[in-house]
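Only one chain comes next, encoded as structure tokens, the form predicted on its own.
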């Protein structure tokens, strides 16, 4: 076979772009707008991916391959074009071909908005897993809701967070291929009647609301692989015809009411649930996703293999957190009501199919639903959940468990339905996402279940797609790595280990330092261009970028900034390293405390940044509307990554992995994956502080007294007094009271208890930073050890130990 030359490849690329432009716009490349070129490139990527997907699917069917179906309420995929072209091996060719025609690929990438399908680490992890599954040639389909507006677009008005609609579909719908052949009906409300005929129970639905679940498929090609992952996005549509009679008679609202009510299901991600309508909508979203996915999976299997008892041979179903756990009773419903299987046959299939990842130990995040709400909203599902609960209780009693333990493990307790308990009971494997997190699950949070079930609990430490978070996001560092060790690391992250032999090479270390500075310049320019914020790349960038939540302890970080500010106010010539503290993240719309912390950061920033006596050494920035595409610019520019949750609270974290992979160093607690990163990279790789998880338990047990820190530690007193006095003319006495209170309204994450240790860790960090050669040696060493934290390794763990998949 004749090898295609680079020149011919570029010609072919231009020809393909021209072909798409002629097809859709009847225009040539020379006359096309950037938006038209973006759409043309998207269609090229889609076409290439569909061809790969069809070939791969035929191969899987021929080899009786087993596929994973991954259910998650969010997939934080960011922008798609750059990654698609990179994974298809077209990125450099397309960029050069367009450049020769006077077009800039970077301007075309900017056309695309971040997909409004996710919020934080949960959704980003799911997206990384799709990439790794495709790259490693494991068959996969993800399932999610096609949100019209995603979470929200964050805007600061006078320092306060406000929420605006995230209208992402104007550039995002080009990737979504409608699949009307896969549509199905999901039923809500009404009531059911049961009868027996020929030994089988017949279920009839009455007065229910029928919603059409309409799927759109997005394709994600693996890197240097034959596989393409599919993400099926489900949209809610009214199954009833439009009431033209009412409309023609002027009853417009009534004619549109049902349609509007149904389409609320896919309007936004995580609607506020501090009122009954919000709770009801969230529950409908979760059942809608679970039902649509299960109906699709079963229908596809029946078409290919006929025999439903073979489902576990060909299918694995993974629940990413508890949101999709209603797939368990829904699958039971489909197997029993629609296909005539017995309870025992159905339960055996479900238990072999389903596995579950727990992502939190926070009680507020362990979903519990009001029993009456589920009974009203999905009566048949409620009756199945009741039967699961009855049978579990019966088994536990037969094994002589006492009533207190049974009540803790039961699905239904005190008129509440515990979704975590349902997920654990139904799944054949349950995993945490870091060693510490999995240990806490087994020994504490789910300890009763760990005793009840043998070998059900395991650990799979999270990972990130190093191709996106290094190769694509940090092309300068990636190019240096290619120069030093070749390109094999792109497919196999373990190859990064070879970098360790260069940590004593002064020329290489100097190059690492130059790359970091250039990346900081890029981020500074990005902030100036997009938010009109000036920051100095010569300062140290100290970054905390994550969801705004009390347990993430942005507040602890703020306290340290206030402490530095107090020192500089007292002595502007104090020997303090010039540094810029960068915050980024969104507070949930109904989360009052988190939004108060956002306001504090913005008011503190306003005062510090306008104080000419201190702002040469200290600056504070809150990056508006944090997203994947912003993170892709911020992570390569990070000097210090703040991973400062109270020990035992963070399940894993993946921002820590992104920062360290890009040559940042962590200041961190012994929590989540921080521990494993520090263990693998070495003790000098991070600056660990604060209580260990067992020490936290001891302080809680002996009663936390925050006022004692105020009385004994002058640093704490200064910071608390400054909060009371306020910043930019606004007092934050409410936060001061929260930090000092011992009541239920106080700080459960004990910022003051860790504050002194946190300050000392910053001092130690500062000491190393003042020695640039040693600092950047450690940065390169960290990068060399990060292969373990690739999501490729995580997926191999899942495939081998939980899903039992084989590469195709």
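Fair warning: this is a prediction, and the values are worked out from it, not measured in the lab. Positions refer to the first chain, counted from 1.
Below, we turn to the form predicted together with a small molecule, even though it does not appear here.
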Just one stretch in 167-175, 662-670, 495-503, 321-329 has heavy atoms within 4.5 Å of the small molecule in the predicted complex, so which one is it? 321-329
4.5 Å heavy atom contact, residue 551 to the small molecule in the predicted complex: yes
Please run the contact check for residue 273 against the small molecule in the predicted complex: heavy atoms, 4.5 angstroms, yes or no? yes
Residue 627, heavy atom within 4.5 angstroms of the small molecule in the predicted complex: no
Proximity of residue 360 to the small molecule in the predicted complex, heavy atoms at 4.5 Å: yes
Pick from 471, 561, 588, 122: which has a non-hydrogen atom within 4.5 Å of the small molecule in the predicted complex? 122
Of 462, 638, 291, 686, the only residue with a heavy atom within 4.5 Å of the small molecule in the predicted complex is 462
Between the shown chain and the other structure, the Cα gap of residue 273 to residue 547 differs by 3 Å or more. Is it closer or farther in the predicted complex? closer
Relative to what is shown, are the Cα atoms of residue 189 and residue 277 closer or farther apart in the predicted complex, where the gap shifts by 3 Å or more? farther
